[in-house]
Ligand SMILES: Nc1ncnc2c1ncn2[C@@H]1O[C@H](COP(=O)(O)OP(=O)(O)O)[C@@H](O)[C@H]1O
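In the block that follows, a single chain appears as structure tokens, in the form predicted on its own.
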Amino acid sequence: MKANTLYPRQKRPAGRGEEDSLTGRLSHLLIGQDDAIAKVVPYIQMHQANLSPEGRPLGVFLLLGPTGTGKTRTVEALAEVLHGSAKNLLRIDCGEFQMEHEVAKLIGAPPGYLGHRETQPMLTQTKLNAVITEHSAISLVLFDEIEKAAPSLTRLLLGILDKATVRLGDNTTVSFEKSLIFLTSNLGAKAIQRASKPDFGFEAMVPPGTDDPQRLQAVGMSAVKHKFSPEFVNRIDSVITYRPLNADAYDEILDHIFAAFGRLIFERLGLRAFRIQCTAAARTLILQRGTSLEFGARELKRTVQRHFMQPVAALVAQGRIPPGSTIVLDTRGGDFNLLLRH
């Protein structure tokens, strides 16, 4: 249990082969999903060794599992490691393409059709090139919640996943040969939750280690095969099933949330900055209230925001926190309580 830790903290020196390695850096950003990292990293290493096959994307991944377990965070973490920012990715929200005619927004209407030249396509070479940096030539493309998309989007993806190209409405071609393509889905999420019984909070509800990765993979693949055609599934390099987070993962994620808030205070407030701290009792209460099988790590973030970030922001807005002081999150009477230390 981490107690009375001041944020922001000094960064611990990275050990050789730990933080400096691709796997180590991703593990620091993506908590509790080591299997996902182990499956994605080899495709990046093949590109770095200049041994990736020609004529297809660098890798195509279907990420399955309950909400809040780290599917989208996986792609954001990759963007941070490869390009230095989680924003360096091309994200397509498939919920916006549930109708057949909406799919044309991705590639643009051909000449002679209504809307030609009026709306810029979303899948252009310019937009792909905009998310790469001098640090890496790999473009990250995320199709979020692919199961919500119209069937025509799946058919459009067949060509991209197989030949790494798509022809736009103006007859230009976009190449995805240097792209990692991620498809996220909540298919089979309920079944995966039932198959995996994580231990929540600090009192284990079941003995640890009851979740079987192969069983979870089988549950996820069953849902995928019911939704998508065999030719579509066959173009996916790896289907990754995310297990619900356990107590250790939540504990580490909470530390990341506090550390990020501490850094934000120092970056935004400058000379008016202060430190934040959390007692063991408050930490336990946050984890009790923020641990959710249904919403995953998102509920933990909302809990910290409601009971710590927003009250602290109110005090800052009122000018009630002296520079250089420390705000401590504690408990009193079964609820949260803020203390000011000079």
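The first residue of the shown sequence is 1; numbering continues from there. None of the values given here were measured: they were computed from a predicted structure.
The form predicted in complex with the ligand is left out here; the points below concern that form.
Interface residue among Arg289, His47, Lys39, Arg298 relative to the ligand in the predicted bound form, by the heavy atom within 4.5 Å criterion: Arg298. With the partner omitted from this view, the residue of Val60, Ile276, Val304, Ile31 that lies near the ligand in the predicted bound form is Ile31 [heavy atom within 4.5 Å]. Using a 4.5 Å heavy atom cutoff, none of Ser179, Ile181 and Ser238 lies near the ligand in the predicted bound form.
The stretch that touches the ligand in the predicted bound form, counting heavy atoms within 4.5 Å, is 66-74, out of 313-321, 278-286, 66-74, 47-55. Within this chain, Leu78 is remote from the site of the ligand in the predicted bound form, having no heavy atom within 4.5 Å. A residue is said to contact a partner when one of its heavy atoms sits within 4.5 Å of a partner heavy atom; Ile253 meets this definition for the ligand in the predicted bound form.
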